[in-house]
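Next up is one chain by itself, shown in structure tokens, the form predicted alone.
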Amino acid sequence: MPVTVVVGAQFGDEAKGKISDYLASGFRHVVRTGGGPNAGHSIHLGERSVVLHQLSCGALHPGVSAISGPGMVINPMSLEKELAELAAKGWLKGDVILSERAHVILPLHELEDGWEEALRTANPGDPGLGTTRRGIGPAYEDRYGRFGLRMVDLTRPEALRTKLDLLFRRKSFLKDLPDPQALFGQLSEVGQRLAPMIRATEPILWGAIESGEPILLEGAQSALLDVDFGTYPYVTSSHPTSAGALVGSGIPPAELDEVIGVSKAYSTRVGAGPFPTEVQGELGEYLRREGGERGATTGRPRRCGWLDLVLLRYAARLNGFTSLAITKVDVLGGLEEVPVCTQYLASSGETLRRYPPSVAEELEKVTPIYEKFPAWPGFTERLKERLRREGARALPGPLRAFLHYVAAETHVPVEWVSFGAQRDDTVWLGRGAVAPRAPTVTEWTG
């Protein structure tokens, strides 16, 4: 497994961080390939927990290089705080490397983020996008508009001054801009402190591939939030897909070996946007409460609903999943039944199974068609101990049937099952259950 990618298969918050952390000790390099401090990976270690915002899970493992890759946008000031907090708690064990090509998030971007969201919500009843207002979108806008600062610029004072001056002129329409000279001084100082970590990361990874050292590419956000292939415009500003992970790391496609899709046994979404299987009322609140469904970065409550196989099939095809990790199966334990959306009925009367509408307003109007499965028992501590001790053979029968159905419907084998927040609350099923044949193009688009 020289190069493996972990991709979120839904709207985010699928426990990608947990799966990445679970796998990280088996890799020499763990690379976060996109996004910024708008996403958090919650890692639970016994009674302790940590949220990683701009560092990969490799930072928690000795002998592993934790690379914040070229596809990221990084807030250097909040990154310093993250590093200091991890070090103070004794959790910073990996070798942190920051790509010199990653772009810098500035206070100007945070102001612009708020300005843009206010613009989107100016009309009564407009929900906006529900951004985190951490400057992610505007930083990517400047990246592609070629106004951006890169991490390497923090170590080059003259270039920093010139580029910062241009950026202030570019943002002159914003109110309450910070003092340019004070910001220059702050960035220069943080650049000096971070300079030993700022490096060209592509040669490191190319050398690792040549030496046979395994590399894990760690996703942030998820496939259905991809700026091109997600539920636009209710998406993030980057490409949290397997293809995006390659662009965000500098690794060529031919080197990719495994693509692990991470999906909850149900679904959640934060912020605005279409969510066909959303559950309202008491049952939705039950899923939110039992699943601890609040954003790791923002603390916002997540919208909850049932597993959507139309979207999961789409994500599997889009990313080329070679295996699935199904998480939070314990949350559904003890229910009377487990509904799964198998297809949509579109407003046109058409039945959709593998390709959702590309227009958000049309996806909002579909009617989900469900198949209901017998629920499995609640995950008592006794059952969890059996799973830790005996592995896959201790999985309850109804849960096995559910997992087999997901594998058959997505044409992707389920290889991992997560049944709790702790690192060892994970079962490897092996590769014995081969998924059925791959579908034809007609089936995918039907």
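Position 1 is the first residue in the sequence shown; the rest follow in order. Since the structure is predicted, the reported quantities are computational estimates derived from the model, not experimental observations.
Below: the form predicted in complex with inosinic acid (IMP), not depicted.
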**OP:** Answer yes or no: in the model of the complex, does inosinic acid (IMP) come within 4.5 Å of a heavy atom in every one of K328, G420 and Q422?
**Re:** no
Subject >> Residue (of L287, L98, I136, L154) lying close to inosinic acid (IMP) in the model of the complex, criterion heavy atoms within 4.5 Å >> reply: I136
Original post:
Heavy atom within 4.5 Å of inosinic acid (IMP) in the model of the complex: which of L79, C304, V235, I215?
Top reply: V235
**OP:** Classify G17 as contacting or not contacting inosinic acid (IMP) in the model of the complex by the rule of any non-hydrogen atom within 4.5 angstroms, answering yes or no.
**Re:** no
Subject >> Close approach of Q221 to inosinic acid (IMP) in the model of the complex, 4.5 Å, heavy atom >> reply: yes
Original post:
Taking the shortest heavy atom distance, is V270 within 4.5 Å of inosinic acid (IMP) in the model of the complex?
Top reply: yes
Original post:
L225: heavy atom within 4.5 Å of inosinic acid (IMP) in the model of the complex?
Top reply: yes
Subject >> Listed range touching inosinic acid (IMP), judged in the model of the complex by heavy atoms within 4.5 Å, from 308-316, 127-135, 187-195, 142-150 >> reply: 127-135
